[in-house]
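The form predicted alone is given below as one chain in structure tokens.
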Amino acid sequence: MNTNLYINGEFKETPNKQDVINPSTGEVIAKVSIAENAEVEYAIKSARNSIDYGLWGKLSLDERKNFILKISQGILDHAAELASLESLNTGKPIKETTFMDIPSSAAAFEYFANNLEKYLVKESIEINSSIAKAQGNLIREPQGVVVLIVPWNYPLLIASWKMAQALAAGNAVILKPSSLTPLTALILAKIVNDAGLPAGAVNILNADGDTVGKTLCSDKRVDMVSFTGSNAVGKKIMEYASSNVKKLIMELGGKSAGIVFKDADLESAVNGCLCSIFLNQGQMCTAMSRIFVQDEIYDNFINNFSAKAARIKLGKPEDFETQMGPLMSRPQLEKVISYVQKAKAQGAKIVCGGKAPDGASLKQGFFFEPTVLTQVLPSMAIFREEVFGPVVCITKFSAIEEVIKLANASDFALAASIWTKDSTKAQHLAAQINAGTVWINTYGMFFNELPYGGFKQSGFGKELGKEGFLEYTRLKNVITDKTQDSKPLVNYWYGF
């Protein structure tokens, strides 16, 4: 397992090491090199040189495509190792990493490699007005040096989303994984190196964000920062970036709403909503932590949902029978416990879960039971704030106007899901829900072909799809005068 930084095509060990913890046991599983400002300076310089003077900035689109496809294949070649390591480091069940995270990571590189030529097509616009004839050529160019800062809940997948788009667009990248979950990113460094990318095109730094974040995000040699993570850190990055103007993508928190109508397929709605909050232990920006159920089926939904939630198998992530693993860290566990206790004190009812499990095999880890709360009021913190854990508030509603108001009563606007057999009603409601992504009769389907990103305090900018890809480019307008048998108007302005 690689435990060193990757800068300018070389693996670099540093004297400072960091412990990486297994959240299912609380034990140290690795010691990895950690970057300080000297390594950050080297990475920025290397990335800048690769764009301005190096081979990466001179490659043809076909050559760039082939390098990115090699990364995709490298992920598949290391799939078993990556899946095991991702589970070990994050606590998510091996079933999720094996069948979701790793294949999806490889697919992101493959998709953007195979579509970069289509997305980078030049556009020509003919101007034929009374005062001028001209041709505008619109050209997409790479932003330049892009810093990618990824969270701990999907370490490899989100890194792959961002890196695949950034590299396909022709940028040099500096990837900073979360210091809690650096292991698969460091394996990705080996895959990139084996693919033979030119030195400086990809740099991967494990580092403490408080130590190097300001340097990475404020340096004027960095052209863009793409960040996925908490609102608090996002605000810091925006502040750092303001010292030297640069492009930003901010994918921040969520407090998403699932809406279940009385005409929904009850089994599908229950099972889909279970997935929407308990997948990855609820540690998802798009987690449907507020579920609104029409009053006619509310009791039936609650009974079915809570009974199934109580049967979710907690266990060690390496076990393929495990359905839910531990939370990422002890502070995260303590945060979830605090939210639930506060909600209970304010009058919320715990229908199931609500505590760390008692089993001896799980006591050393950061486990928390799937938790269902009812009688939650919109004024409560647990209704308004992102918990980032396996905790859901289920509330009844009567009319569609009521549920629109409830769903939109949030500072966040990332995602929503609607469950109904009435497609006209679903489309009508989707148009009125304030969210960047709305799923109808499903949850969590991300496609490389379609954009993803939120509104309001959930951030700005898109990932994936043509729109996400183009975020990593800048648009240049080249205008050529086409005046026939005469000189352009500017020739006469001061031409005396």
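On a predicted model such as this, the values are computed, not experimentally measured, just so you know. One-based numbering along the sequence shown.
Omitted here: the form predicted in complex with ligand NAD. The next part is about that form.
Screening 414, 197, 188, 164 for any heavy atom within 4.5 Å of ligand NAD in the predicted complex leaves a single hit, 414. This chain is displayed alone, yet in the predicted complex one of 353, 315, 213, 170 has a heavy atom within 4.5 Å of ligand NAD; that residue is 213. Ligand NAD in the predicted complex comes within 4.5 Å of a heavy atom belonging to residue 452. Although the partner is absent here, residue 278 is not a contact residue: none of its heavy atoms lies within 4.5 angstroms of ligand NAD in the predicted complex.
Residue 233 belongs to the set of residues with a heavy atom inside 4.5 Å of ligand NAD in the predicted complex. Interface residue remark: residue 237 is counted as part of the site for ligand NAD in the predicted complex, having a heavy atom within 4.5 Å. The putative spot formed by 158, 177 and 252 is fully lined by ligand NAD in the predicted complex; each residue has a non-hydrogen atom within 4.5 angstroms of it. With the partner omitted here, the stretch from 116-124, 189-197, 366-374, 385-393 that lies within 4.5 Å of ligand NAD by heavy atoms in the predicted complex is 385-393. Along 133-165, residues 149, 150, 151, 152, 153, 158 each place a heavy atom within 4.5 Å of ligand NAD in the predicted complex.
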